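Same protein, same chain, two forms; see structure 1 and structure 2 below, as structure tokens.
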Structure 1
């Protein structure tokens, strides 16, 4: 049984709580767009708990319905706003750690209120990510900022580190909120609203099942997949290549920042030199002082330019470097599901007894595989779109900032030139005799 492409609009009277009624009108319009793949969503999915193992074995009931969110749609239809801010160090008897404030504003009816405020620590985000990956092994979860800082011994409580992490956590939650499936999971809701997470963390499959997952993954890699559909091989090749490119871009950008910083160090010494010189001069004192202050202004602009690349482009690229690891993992998990299915198929061929039970199981596994494949395919397309948007806007942003930098410096020098030329004209007039 395949996950059908259901070409229908959600009737406005639908009790499907995941889709706010205020955009139901627009759903009709978008259905006409060829780019969209629309899956119908089973309402049972949205009620009750998030995914558990049983869900995965009854894909027939799990026909997801969600739309592709076009970029324009977000602005109009965004019904949930999440922010991560206000980091604070918390000291307990056992440990010290940082918590962040997570604020939610939403009009979604499945939420009990329209505003929530909770405090979460990095571990909590890890938990959420784990839950989502567990429930949807072949969907792509946006990466979290890294656990430890790779370069150098940076304390976990260093201000810059915390700020960088906070921004990344903010982006992570927003990406989850924008994801058609993840944003309507119970786990996400719990994360945003529950007073404390500890009790929730104990429920459901968690650590152990993930362990099992890892073991299976290792085993599967050894076993290998026999008939991987070409599109997934293509995906893997793309991911390999993309991973290299994004890594290079990350490195190049870091190098640029380094060079800029060193340039700035030298430039900082130029202005004072001219100022020193002006002290020995009479006629030249004014232009030299002017020169010194122009150079100082350019220094400030250069500093700003460096900071902006650091604060915007570098994190954006870095996240996509981390994404490639996620993508590789997702492809691996899909392969495992297929490998499991292939192994079971083989087993069926050789076994004589328990044929019927086995065949049932096999059907379920086949469905599971089909579902996993389809989920991955559509999320892959979605991911490509989002990646394109994200990186495009990151580069546009960088280009704009660079233009801005040069425009500011241009103004500095034009004003210097203007002052010198009007001075010169003034002097010339005085000299005329």
Structure 2
């Protein structure tokens, strides 16, 4: 993933970070067929190697053969650890809201201490995200969970919703902490250490300033760009395709969970029915009771499997559905910078007066566009690497749990068959004697 380094440096507090210009790295290439055919049955898991007839057929052994292309970052190299936990609901005369404890442990010299503990509400996380996007418009900020109640959540302050949001906020902060530029910004440091953020929020751009930037952005979007570099057109096409595929996968997975829950409810009724039947059939009592017990065991395993998909796979997929909107916004901001540069170039060509002044401004715009392009290319490469690692981890974890689930259910039914065959053989011997 390494590449040449340009001279442009991104200011970040008191430090600067060089932006590599290469955009190498593989893209997670999903199939473009319908929802249920998101992945090809013959998908190659690692470059140059795929499952074939000569490989071991045990599901567990196949999973064990899977190797990540990139090793995950060694925990020993991390110098900052952030945890979001202990949510508390607060009720005031005006509103009801939830705060979360944010605990930080770090060895970085720019921090005054090695440990910090603050409480933050959702609006504070929004403030941090907005500040990072404002300072670095062409870097990819990891998405926050939706502000409003998610589909299926009845009450905004119930425990399930709060825990789902807590996990998402925890992941958001850790993504920021792992980012080579965001983690060194003053805003991130303030978020982790300041007792309150009110005074810092007042230092941001005013309402009229934000409105002016919004109007300029809309004008640039309407005007469009004339000569977008091909690599950014490729990025835009990739994001559109990735958005469709990950959204389809998210919908299919949610539908699977709904169907599995319905199946589970039906399955839960079977065990008691067999147990009740065994009470009225003395000769069949033992196998009917065994059937009831086997079904109960399968119910527990199915319930655990549904919970795993609901708690781990669906959030991972939905997180990258939100990521696609972030990527589209980043590409729009890059286009706006180029559109602004092109507009200034046209103005310079049509105006002879104040040519020197405009030339200086044009040089600054050209430098800004070059930095924006290099920053986006570098962060695009980093984001794709993280995306592949996250989704592979979610898929492998789901595969392992599915194998475990089916092996347990298989063991339950094999035990049932063995017990019934043993009883049948015993009865046959008794009949012969």
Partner chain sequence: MADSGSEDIAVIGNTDLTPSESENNLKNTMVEKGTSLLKRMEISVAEAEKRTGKNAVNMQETYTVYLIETRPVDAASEGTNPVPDSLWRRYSEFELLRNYLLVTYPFVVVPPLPEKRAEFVWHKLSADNMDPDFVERRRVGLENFLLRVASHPVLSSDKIFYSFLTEENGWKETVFETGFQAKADSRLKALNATFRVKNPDKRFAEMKHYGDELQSVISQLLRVRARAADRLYGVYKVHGNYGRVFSEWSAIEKEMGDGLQSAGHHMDAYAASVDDILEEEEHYADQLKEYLFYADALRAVCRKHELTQYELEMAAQDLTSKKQQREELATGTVRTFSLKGMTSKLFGQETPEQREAKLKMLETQIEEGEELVKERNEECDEFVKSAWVDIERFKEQKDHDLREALISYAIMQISMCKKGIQVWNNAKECFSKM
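Positions refer to the first chain, counted from 1. Predicted, not measured: the structure shown is a model, and the values here were computed from it. Definition used throughout: the rigid core is the maximal C-alpha set that superposes within 1.5 Å between two forms.
Assignment of forms: the chain in structure 2 is the form predicted alone, the chain in structure 1 is not. With both forms fitted on their core, the C-alpha atom of residue 417 sits 3.6 Å from where it sits in the other form; this compares the forms between structure 1 and structure 2.
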